[in-house]
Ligand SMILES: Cc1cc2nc3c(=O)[nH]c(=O)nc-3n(C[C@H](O)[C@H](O)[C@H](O)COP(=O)(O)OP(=O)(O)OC[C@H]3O[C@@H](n4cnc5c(N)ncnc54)[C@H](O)[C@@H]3O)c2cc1C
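To begin, one chain is listed below as structure tokens, in the form predicted alone.
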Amino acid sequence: MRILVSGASIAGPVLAYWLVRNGHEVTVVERSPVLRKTGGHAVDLFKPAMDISERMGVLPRIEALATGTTRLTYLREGTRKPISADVTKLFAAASDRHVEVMRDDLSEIYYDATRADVEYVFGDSITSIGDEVTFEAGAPRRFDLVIGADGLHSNVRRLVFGEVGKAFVGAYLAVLSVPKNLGVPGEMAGHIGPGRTAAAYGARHLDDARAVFLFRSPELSYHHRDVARQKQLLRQAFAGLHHEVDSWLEHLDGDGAFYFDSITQLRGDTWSRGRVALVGDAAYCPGPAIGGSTSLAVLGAYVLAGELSTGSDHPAAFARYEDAMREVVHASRAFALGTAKTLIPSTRLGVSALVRGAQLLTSLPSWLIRPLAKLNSKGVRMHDSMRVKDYGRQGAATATP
């Protein structure tokens, strides 16, 4: 089949990889004129996504570009003594197999694995989906299927599904590129107070460092493309937390990469209509930075391609894809809601409990942490509970250099 995929970030290239391996002809259209380098934050790949990446032949490159963060160091608002925790123990509790990697790096790795076999069209966007697909810049074309892999603000979802159920979690995420000397490789160091937390981190292979901000707020009024307004809101949210945070925010006036968005869940349970389907954040975003959305996107892309590989009609394949993903999507939503409450406590007592709890947990011996965590597959081990089905024809392959 001739399949059009909208979005060239994470889910889009992973889906394209497996579709091509199953004999389909794939075109990926991306609104950005080049592969996006938006100052993306570090993302986590848990065991299922790592297993899929290994089957794609790209895991060694992903591991080579891991951030290498091993410590968390936070200073509570109004105190002078920072508290540190061993992040490697925290992730060992969460997953038997895990890597933290910059989102931009991961996107480029998946793109490189597909660009020799997939047609990529940058600087264009879908305007309508009928017998033909029309574009802002290119001529109309015909495709058998159209897949929206274009993120939380999906254009394909808007065109085909209209408004879908969303749940604002009550918090916001921002990421800012700052000079390399402001982030220490191997450590995320920052400041935390009631309802807000900010930290900076680096990685040896990056030319810059990243400052990441999480804060609680009632829903704010702004457009997701209005960067000036977003920067104003971020300054207001973090005024007075700490002079070091103020120094990070000074770089908002520069031309470095910047990201800002609400932490919002999509609540729809139907991700296909006719010959159109959604995958990744376009379908079931559990909330940026809190619900394992990157691993969920990789798994969803793999499952969708696998169900389409069976040779049956696409409505049946779409239905099986939805059935296979529904339970893990629901679990990710519940996990994300709990994570938001934990990571952004609203009271001083909650802040103290968070940092002291992390310090206490990582003071335990490694041989004890993992068995305790495995007692709850719906909690910190939720991501490892996702199963990666073997679709037979989707065997391992060698990635394009």
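All of these numbers come straight from a predicted model, not from anything done at the bench. When you see a residue number, it is the position in the sequence shown, counting from 1.
Heads up, the form predicted together with this ligand isn't pictured, but that's what we're talking about next.
Asker: Evaluate residue 143 for contact with this ligand in the model of the complex, applying a 4.5 angstroms cut-off between non-hydrogen atoms, and reply yes or no.
Answerer: Heavy-atom contact with this ligand at 4.5 Å: absent for residue 143.
Asker: Using a 4.5 angstroms cut-off on non-hydrogen atoms, would residue 230 count as touching this ligand in the model of the complex?
Answerer: No, no contact at 4.5 Å.
Asker: Flag residue 29 as yes or no: does it have a non-hydrogen atom within 4.5 angstroms of any non-hydrogen atom of this ligand in the model of the complex?
Answerer: Within the cut-off, so yes.
Asker: Counting only non-hydrogen atoms and a 4.5 angstroms cut-off, does residue 124 reach this ligand in the model of the complex?
Answerer: Output for residue 124 is yes: heavy atoms within 4.5 Å of this ligand.
Asker: Using heavy atoms and a 4.5 Å cut-off, decide whether 10, 36 and 175 all contact this ligand in the model of the complex.
Answerer: Yes, the whole candidate spot contacts this ligand.
Asker: What is the one choice in 73, 155, 309, 262 with a heavy atom within 4.5 Å of this ligand in the model of the complex?
Answerer: Comparing distances to this ligand in the model of the complex, the residue within 4.5 Å is 155.
Asker: Under a 4.5 angstroms heavy atom criterion, identify the one residue in 61, 341, 41, 47 near this ligand in the model of the complex.
Answerer: Selected option: 41.
Asker: Going by heavy atoms within 4.5 Å, which of 293 to 301, 325 to 333, 189 to 197, 231 to 239 lines up against this ligand in the model of the complex?
Answerer: It is the stretch 293 to 301.
Asker: Would you mind checking 97 to 122 for residues with a heavy atom within 4.5 Å of this ligand in the model of the complex?
Answerer: The one in contact is 103.
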